[in-house]
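Next up is one chain by itself, shown in structure tokens, the form predicted alone.
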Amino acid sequence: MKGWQIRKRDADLERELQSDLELEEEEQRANGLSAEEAHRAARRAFGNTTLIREHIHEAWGWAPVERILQDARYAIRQLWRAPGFSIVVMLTLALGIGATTAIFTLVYDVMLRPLPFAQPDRIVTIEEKVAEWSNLYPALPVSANHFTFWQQHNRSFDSMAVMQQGSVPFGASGRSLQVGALWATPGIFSVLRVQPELGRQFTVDEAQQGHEHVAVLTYDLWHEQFAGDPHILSKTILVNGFPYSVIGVMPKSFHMPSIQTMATIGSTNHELPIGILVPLAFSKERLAEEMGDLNYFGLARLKTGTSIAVANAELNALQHTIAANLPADEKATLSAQIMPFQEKLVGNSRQPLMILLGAVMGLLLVGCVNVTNLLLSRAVSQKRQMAVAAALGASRAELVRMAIRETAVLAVMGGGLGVLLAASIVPGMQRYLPPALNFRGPLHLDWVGVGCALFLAVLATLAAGAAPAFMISRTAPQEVLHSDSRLTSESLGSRRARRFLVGTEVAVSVALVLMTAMLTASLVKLMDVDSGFTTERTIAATVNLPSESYRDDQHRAAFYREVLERINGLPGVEHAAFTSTLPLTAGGWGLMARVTGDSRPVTQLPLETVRSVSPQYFSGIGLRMIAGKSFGEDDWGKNLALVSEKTAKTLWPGKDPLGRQFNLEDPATEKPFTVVGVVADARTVSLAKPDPMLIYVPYWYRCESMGGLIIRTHQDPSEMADAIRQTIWSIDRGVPVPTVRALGGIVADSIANRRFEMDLLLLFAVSALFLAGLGIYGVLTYSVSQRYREMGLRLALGAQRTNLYWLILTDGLLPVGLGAVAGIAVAFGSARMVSGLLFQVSPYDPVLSVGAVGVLLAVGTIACLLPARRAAAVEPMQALRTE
């Protein structure tokens, strides 16, 4: 029944009762009574109209609703009279619920929200394993040849696809626009069960070399670049400098998560959102390679009723067949690994996310404990009121209802504020989200998050209101009503309960502070680690050459050579260099190095990470040369190379590597490289661990379309960005320059995950410290007020004021100390969980543990001082005369 119908029906009842009462009065007046006597007599004869109305409402089923509304109105009036208490409780709940809801939204979005595809649980990723390389790469992307074999012989998959993600120059020459692209085999549409909203998907024939220049646009790119042109189909666009025909537009709901391939393993770059889908066409030569490059992200859809275990077993059987037919010089032990798509995307983010969720739940627990303490204080002061209600016949259930109604209102209001807080936190959190957690797209608070907030509000109500309600329900009316003073000292049981609660919130706070301290110390050590290169006054820029204009290494190298010459001529430029991979953005490409005279199979050769660089790369970032020299522009065309210390020790143990030769490709077709220098080992792939074996080859040997520039200047790097872009565009305006930034910023991005986790934990720890301090202060203040006469009596009997200081400090710091010990025990117990996030810091570090306890003791002492001062300031005579 709707609200206006309820009000109308109630008004009708009111009029009917009034009419009956007036008729009764008329009858009484007809019996000879005066108007006043008739009114009283009618009232007596008719009965209590309010009671009648309540009985009727109960018969209609309205009574529970009315009681809830009455309780809410009463609770709001009571809370309005105690604004300080109400505001503190509401803000405490809002902080806990808001922070928990925001983190839960992130965790749900990353780990639990189903991917936006049909039957997402059936979409799996496929990776290959090569036992001979397992120490370096436990799992690898997919070979084109092996993928084709799987497609032809598997019985477990409805559809399969491989793909690569990257960015390409897009549009007419001179616009320098860069968009994210997904190169995929046609099966991608079947795997994801998505179809273009306009037009069609690309066909198998269009995934053949020479026929692959067709494109499907995403909805956003279609609207941003073509204003949603409904006649976009069959129009020609420029992709990578080549003309492509638009054959479809994906629906607005389509969002493809960012994927990683071999080239981007370990990458910390923000991948551009995919704007265009194009066919992935393999050449006949590529498909003929028995092993080939393991370079493609494999995705497949399981058949209904087929488990991952069954599909995995079948794929491994196929891998054994492939391995058995490998040529002698490529013999390898192959296997495969299938994993749910969502699990693969979450990857290593699961552990830190669960730790963050645990930390924020700890913060909510501290908040609830605080609120419970405040409610306990308030409940004690309301004992007399409850005793009167009990004496008048209120049942235990009614007493509990009366006790919890204020808590419920506070939880609703705190929960509402918490939702608003979470709604403001979540969008801001996305801006600081590291790439590893930002694979889905926009993060926003939805009904799941709001539902979480409501659940937490109910939970907070039950948790915080349970103890006061239990205490009040056990109130003995005669005991309270016979008490001779409102200021009787608090009972021993109540005091113990308060100490336990304080100890609990201190324990949680210590664990949070210790965990934050460990992550902070890890981050500091990571930032202080000797990376082996410098970032001072150094700019990094990325350049993306259109493939149509720069078809081979020779054209690309010539472009970079001219760019370097012009940039080196700019005022203030000290060094300008090219590198295929900027430091701390990715690894490089992997190849097997064969020392001249070594006849082992390819898979038994050491796997090296290879980078192509220009001569000034080493001086540009300050990489130390420990032997030999770098190649120079005068060596153009020669196969010279520099190797890292680790590579030199691996390829030529105990020997001088200078002048020695090796091959990266087939020795029959490739001229060998001659080592001219040895570079000190550094940390250019990750600050957390030393580089793998590295080989530096000249950029004229191999030059990819996507490259990086390192420019060291005498000026502020921020002042050089525009000059660098204009210099590149003075050679070719059709070349996008998507990134120009300080190298220090790239280094900072490489530890974005750790910083994000530390920042959030720091926020939680500070909040927990504040709440713990507030809780200790509240408990002691209440205790002092309850023991006011006791303090006066102690002073009257000769106690010194310092004794009272000591008494209150001891009373307050005892649960703090016990809670701190418990918190350290909890932190040590969960050490294994956090150890994977630490860098050169032990989870049992005694200095950090003592520091965390010291911080809590300092906060506890500060929180105790004010109540202790108040206790010491008691005037004995005034206290003894108090009721």
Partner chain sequence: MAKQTPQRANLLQGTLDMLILRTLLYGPAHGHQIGKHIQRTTNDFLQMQHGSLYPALHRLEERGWVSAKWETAPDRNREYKYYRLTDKGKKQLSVEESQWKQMAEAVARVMWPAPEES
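Residue numbers count along the first chain shown, from 1. Keep in mind that this is a model prediction, so the values were computed, not measured. In this text, the rigid core denotes the largest set of C-alpha atoms whose superposition between the two forms falls within 1.5 Å.
Beyond the structure shown, there is the form predicted in complex with its partner chain, which is absent from this document and is the topic of what follows.
Asker: Taking its partner chain in the predicted bound form as the reference, which of Val821, Leu857, Ala831, Ile56 has a non-hydrogen atom within 4.5 Å?
Answerer: If I apply the 4.5 Å criterion carefully, the residue I get is Ile56.
Asker: For the chain seen here without its partner, which of 39-47, 849-857, 835-843, 822-830 has a heavy atom within 4.5 Å of its partner chain in the predicted bound form?
Answerer: That would be 39-47.
Asker: Does its partner chain come within 4.5 Å of any heavy atom of Ala30 in the predicted bound form?
Answerer: No, no contact at 4.5 Å.
Asker: Taking heavy atoms only, is Glu875 within 4.5 angstroms of its partner chain in the predicted bound form?
Answerer: Because no heavy atom of Glu875 falls inside 4.5 Å of its partner chain in the predicted bound form, the answer is no.
Asker: Would you check, heavy atoms only and a 4.5 Å threshold, whether Glu66 touches its partner chain in the predicted bound form?
Answerer: The answer is no: Glu66 has no heavy atom within 4.5 Å of its partner chain.
Asker: In the predicted bound form, does Leu13 have a heavy atom within 4.5 Å of its partner chain?
Answerer: Result yes; Leu13 sits at the interface with its partner chain in the predicted bound form.
Asker: From first to last in sequence, which residues of 318-348 have any non-hydrogen atom within 4.5 angstroms of its partner chain in the predicted bound form?
Answerer: The stretch 318-348, when checked against its partner chain in the predicted bound form, contributes no residue at the 4.5 Å heavy-atom cut-off.
Asker: Spell out whether the Cα of Ala41 moves at least 2 Å between this form and the one not shown when the two forms are superposed on their rigid core.
Answerer: Yes, because once the rigid core is superposed, the C-alpha of Ala41 moves 2 Å or more between this form and the one not shown.
Asker: Would you say Asp845 moves between this form and the one not shown, meaning its CA shifts by 2 Å or more once the core is fitted?
Answerer: Result for Asp845: no, shift under 2 Å.
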